[in-house]
Each structure stands twice: as structure tokens, then as C-alpha cells.
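Next up: just one chain, as C-alpha cells, the form predicted alone.
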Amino acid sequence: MSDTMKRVYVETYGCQMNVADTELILGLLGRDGYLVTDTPADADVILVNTCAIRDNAEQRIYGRVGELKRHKRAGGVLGVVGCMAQRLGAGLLDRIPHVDLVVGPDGYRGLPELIRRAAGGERAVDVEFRSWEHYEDVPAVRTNRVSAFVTVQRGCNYRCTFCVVPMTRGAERSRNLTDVVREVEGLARGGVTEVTLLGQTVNSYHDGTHDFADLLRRVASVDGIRRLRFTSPHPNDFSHRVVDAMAEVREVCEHVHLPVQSGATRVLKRMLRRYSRESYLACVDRLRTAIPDLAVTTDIIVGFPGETEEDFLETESLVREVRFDDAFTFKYSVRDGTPAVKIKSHVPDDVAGERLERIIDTVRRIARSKNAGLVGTTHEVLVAKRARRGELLQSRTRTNKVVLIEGTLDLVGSYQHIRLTGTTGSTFTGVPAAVRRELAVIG
């Protein structure tokens, strides 16, 4: 592979942290002279940044890598990076013979050299955990000039029995607060006004001196930052200090994504979630008491080993009690190496599938009802990008509701006051909020 005008194509799957990691990868390779291309056929290096949280995500990636191999040039490199690479390691080379490179989330700093070795015929692998790695010196290449993801924490110490994250991301470690603030200041100077702080259990952030409440207050104080979001928190880590900061700092948006996974305490115990149904509900109540307009979304798993119909009905009732604004819902997926593999009484797939349909229906009915009640109200939105539909623009409220509006691309990055005019049940349409004038009637 020539050292001149090298081109890299990266395809990203999974969570927001993978999106942020792709930006780091592009920054690292940019320093090594690579140009980014949006077309795999134009690339010298093709990388697939992967998710391993569920089996269907991995199966999709196997299929996609098989499709991408036809674009691989002579002397070119096809690599799998990210969580799936970390989980399967060198074994991935046996499963996908046309892959040249396998690199986990802590190995991105070595990508330029690993790619050179792979281009020379070596099948290169780096899945070593590096507890010190935060890529502080890497200038991420961000394609979104409106909103930015900022990783503040890597890894996880909770070790839920169904989850591969400790196997793919390692132990929890937090960045130094000063480094995070410096990064946000740079983003703000570039025109970014909305920042989302990322971590596997982001509200457990602690750099040895500062906790998550300190981080929220300091990031929000950066000149130019108008909105502050974070994901994903753990219910156990909403200390009074964190809740107070959320309520008192106006830049913190009125939305929290709070994974519950199950509404049955006995299932939560087998999941090793470390909270009960009652303590989860108490956490939601504390948050809503402090922030009355808070929108709450969640993650739910159905069909976890040993889940009975009664357990499932408890999850349904919790959804109705909390009245989530939305939820990501999944059937339990067996992940080799996780403790849940050893739990007996697996739920038949057809039963889990039927429960998934029921919980999706319950979530959607509640979301539609809540969203219908918002039609006619006025909200501040941040205009993000061109929408997929027609000539509309996509924007978001502070509560993370998607609103489609008319307008030209020069509105992207601006804040508008919009009256919601309709909803599909999940997204909204809106128009500029008119100034109400009282008309005098003469007669």
C-alpha cells in the first residue's frame, strides 16, 4: 500500500461510544496521512467498528464484512475493530479468513503500525487492555459541528450477568476532569453548543478528586455550551449531589436514559443489577421531584433465563407506572463468557418473542399518548441536520424529542422556538412559534 494519499473508510455499529471511538480512529489515522472516504470502493483501508452486546449485532457484522471484502484492493487492509474484535480476539481471523486486522478499543493508538504490518501480509491482532488509555492527545475528527460526544469514562465494574462490556471494555476508569473540560472548551471554540458525556455507567464518574456532579457543573460552565446531556447512567449512582446538579444547572437537559432491564426484583437479582424494582422506582421519583419536566427513557430485556410470565407482567406494570417516553427493548441474547450462560431455565425463543411484541406495544401506546399531549406546546429546539424525509430539517427539544421543521440548511446549528403541530407517535412536526397578539375589537 502506497504511503501517499492513503484513504480510509470506517463503518460504525453500536452505541454512542463506538461513534466517539470512530472519531478517535479517524484522528489517529489522520495524523498518519490518511484521508477519509465515504465509499469503501475508494479506500485502501476498510475498518468495521463493531458492537458485541447481542448476537444479532455480531451476525449482522459477519454479513457486512463479507460484503465489504469485494472492495478490498490488492495490498489493501480489511479490519475489524471495537467490542466484537475485543471479545473474539485472534479467533476472529479464523472465523473470517479475509480479515487482516483485529483491534480492540484500547489498541487504536497502534493502528497506523498495525495497518502497515497487515498490508505487508501479517494478520495483525491487538486486544490488550490498557487501563491508562484515554487517547488524551488524539484530535478526534468530528463530522457533527452542532453536537459532540465526549467520552469521560471507559469500562465497567458492575459485571451484570448478561453483559459483555467488562469483557470488551475492561475495568472502569475515569478521565481527569481538567482534561474533559479542556476538550469541551475546544469544541465550544469550534462552534459546538451541545455536548453529550459518555460512559458505561457515566454517573459513577470519579477522577479521584471530582465526582459526576463536579463534572456536570464544570462542563456546563464552559463558555458557549448551551446544552449538556449524558448517557448511560446507572440507577445506583444518582447521588443527591448529582441530582442537585442536574436540577440546578440550566444547561443540563431534562432527559435521562435510565436502563431498568426488568421490572421484577427476582430477575434483577439474577441479572446482578444491584437494585430492586422498588429502589428503581424510588430513583425515578427522586429525579422527577427534582426535575418535574424530566423525560425518562430506558432499556428493557425480556426472556432472561428463568423469567416467568409473572416476572414479565411485573415489567409491563413498571412500564405503565413510570410511563417512559421511549424504550429500547430486546430479547435476551446469550453471550459466551458471561455468567448468565450458566443460569438454567432458558425461556423458549417463541415465548421471549411474544413477550417482546407485548412490551413494545405497551411502550408505544404510552409514548403515543404522552406525545399527543404535547401537540400545541412550544419548545426550544436545536436544529441538527437535514431530515431523511423530503426537504425538512431534523431538530431536538431539550427532552430529546425529534421535531421535523421546514427551513434551509443555514438554520443547522441554531436554536429555534417551535410550536408542535403534530406527531406520528414517536416524532413531531412543528412550525415557528408565533407571537400572540390580542386584537382590539371596535364596535
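Start at 1 and count along the sequence shown; that's the residue number. Quick caveat, the model's predicted, so the values are computed rather than measured.
Below: the form predicted in complex with S-adenosyl-L-homocysteine, not depicted.
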With the cut-off set at 4.5 Å between non-hydrogen atoms, does A384 touch S-adenosyl-L-homocysteine in the model of the complex?
no
Decide whether D349 counts as a contact residue for S-adenosyl-L-homocysteine in the model of the complex under a heavy atom distance cut-off of 4.5 Å.
no
Test of understanding: in the model of the complex, would V363 fall inside 4.5 Å of S-adenosyl-L-homocysteine by heavy atoms?
no
Does any heavy atom of P259 come within 4.5 Å of a heavy atom of S-adenosyl-L-homocysteine in the model of the complex?
yes
Sort through 155-163, 117-125, 174-182, 318-326 and report the only stretch with a non-hydrogen atom within 4.5 Å of S-adenosyl-L-homocysteine in the model of the complex.
155-163
Picking from T151, Q200, S204, Q86, the single residue whose non-hydrogen atoms come within 4.5 angstroms of S-adenosyl-L-homocysteine in the model of the complex is Q200
To verify the annotation, which of these, S333, T193, N371, N236, has a non-hydrogen atom within 4.5 Å of S-adenosyl-L-homocysteine in the model of the complex?
S333
Between 47-67 and S-adenosyl-L-homocysteine in the model of the complex, list the residues on our side with a heavy atom within 4.5 Å.
I53, R54
